[in-house]
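First come two forms of one protein chain, each written alone as structure tokens, so that there is a structure 1 and a structure 2.
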Structure 1
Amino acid sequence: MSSEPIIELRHIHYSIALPDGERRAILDDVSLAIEPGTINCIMGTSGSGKTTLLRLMAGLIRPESGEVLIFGRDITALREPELNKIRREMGFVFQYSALFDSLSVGQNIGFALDRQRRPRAEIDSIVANLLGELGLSGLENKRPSELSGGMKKRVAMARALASNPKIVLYDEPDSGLDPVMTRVIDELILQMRDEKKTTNVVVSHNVHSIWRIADRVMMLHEGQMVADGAPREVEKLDVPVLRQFLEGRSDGPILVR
């Protein structure tokens, strides 16, 4: 791994204001660099800051301090039009799908393409292809409210992939999916990497699926990066929270609240 990182976070601090006027650190000095054309999995307990990390990468929130470099450009100070140029090269799969209620499944998936004024026929064929790949053929005209949670998740994936992004950020793409569908999604992510050369950041709790797809594994714990490396290295690390997480034990340093 020697190429320039496509995503780089440098000493990110992010905190939120609490009602009592104090601040709570969500991310505490997080740094990472992501190589193009790889699959990078971020795991961590609930509330450890994984979603926050993805939102920073998409420019949805700005860090208190630190830099977020995408394609080598620091996006923390960019204005909306400049940021949008970068976002056109990105896909984001939201944890709770975030499909547009008022649009059909087909319009959801074709949204970004429609905004780029691509021809109708082209959009329709891309949408139909993606639906086919995700086992959702024929659902174009359904409303998101008519779908199951797992179907919504797959539509959200199709929407993120439709405009052929260079970077795809997945927030728990397999939550709410059965093992078969999880496998389908994993293979799709692998296929995106191998055929389209996308760079993928995948937030996931699913240790099995992470070890199946990851080129690199990271673990966030209480806003700090506690593990980062190739799956084979991370497996052997002797970090207590990591061990507890990988072995799925309820006793250990992770506080169960």
Structure 2
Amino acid sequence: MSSEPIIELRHIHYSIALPDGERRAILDDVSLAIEPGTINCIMGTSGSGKTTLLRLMAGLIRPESGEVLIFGRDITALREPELNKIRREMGFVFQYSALFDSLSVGQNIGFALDRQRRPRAEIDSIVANLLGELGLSGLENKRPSELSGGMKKRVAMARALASNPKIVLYDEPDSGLDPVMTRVIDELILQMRDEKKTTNVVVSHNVHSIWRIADRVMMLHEGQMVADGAPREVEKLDVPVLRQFLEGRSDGPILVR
């Protein structure tokens, strides 16, 4: 693997305004570097800042301070046209698929390609190939409302992969899925990494899924990185919040709200 990170966050601070006028820190001095061709899983409880990290990587929000480098460029300093050029090298799988109900499966997958004015025959070929790879052949004309939860997830993956991105960001890819379909999605993430050489960032709270797919595991707690390393390294760490999370205990430093 290359030693040059494809994604790098440097000293990121991000907060939100509260109704009383105060601000709450979501990310507090977070830094990380991600190497190409790897699967990097970010875990933590709800509200720990996981999805915020993904949104920063995609340029959907900007930090109050710090740098977000994608392919070596700080995207926090880019205007929208330049940022869009970088986004074309990225795919985003949203937590609840976020498919367009008014469009067919094929139209959903080819949506970004159509906006790039690709030839129709090329788009149709890409859509058909992706559906075949993801076990959904022949569903081009179906509507999202006709699909199961697992099918919707795979269509969302196909849409994210349609432009042949170098980076794929997954927000809770197993949300709402049963254990069997969760394993299917895990295996597809591994397959896409191996076949398409993608760099992957996966936000999840599913420990079993993370340990199946991750090259690297990170844990966020109260806006700070409290664990980072290969799964075999992380599972040995004596960090109280990490131990409580991995063991699924209600007692410990993570407050149950």
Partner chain sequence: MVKKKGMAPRRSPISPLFGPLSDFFLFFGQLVSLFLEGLWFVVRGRISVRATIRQMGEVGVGSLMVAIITVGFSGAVLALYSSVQLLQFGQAALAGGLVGKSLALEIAPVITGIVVAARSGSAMAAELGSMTVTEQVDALKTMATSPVQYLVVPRILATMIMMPIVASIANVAGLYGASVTANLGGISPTLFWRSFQDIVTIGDQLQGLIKTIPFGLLIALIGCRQGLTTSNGAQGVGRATTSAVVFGSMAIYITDFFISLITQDLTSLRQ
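All residue numbers here refer to structure 1's sequence, counted from 1. Superpose the two forms; the largest set of C-alphas matching within 1.5 Å is the rigid core. These numbers come from a predicted model, not from an experiment.
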Revision key, fill the gap. Only one structure is the form predicted on its own, namely structure 2
Check your understanding: One rigid part pivots relative to another between structure 1 and structure 2; at which of Met181, Leu190, Glu133, Met90 is the hinge?
Key -> Met90
Review point. Just how large is the rotation of the smaller rigid part between structure 1 and structure 2, in degrees?
Key: 13
Review point. If you line up the core, how far does the Cα of Glu140 move between structure 1 and structure 2, in Å?
Key: 3.3
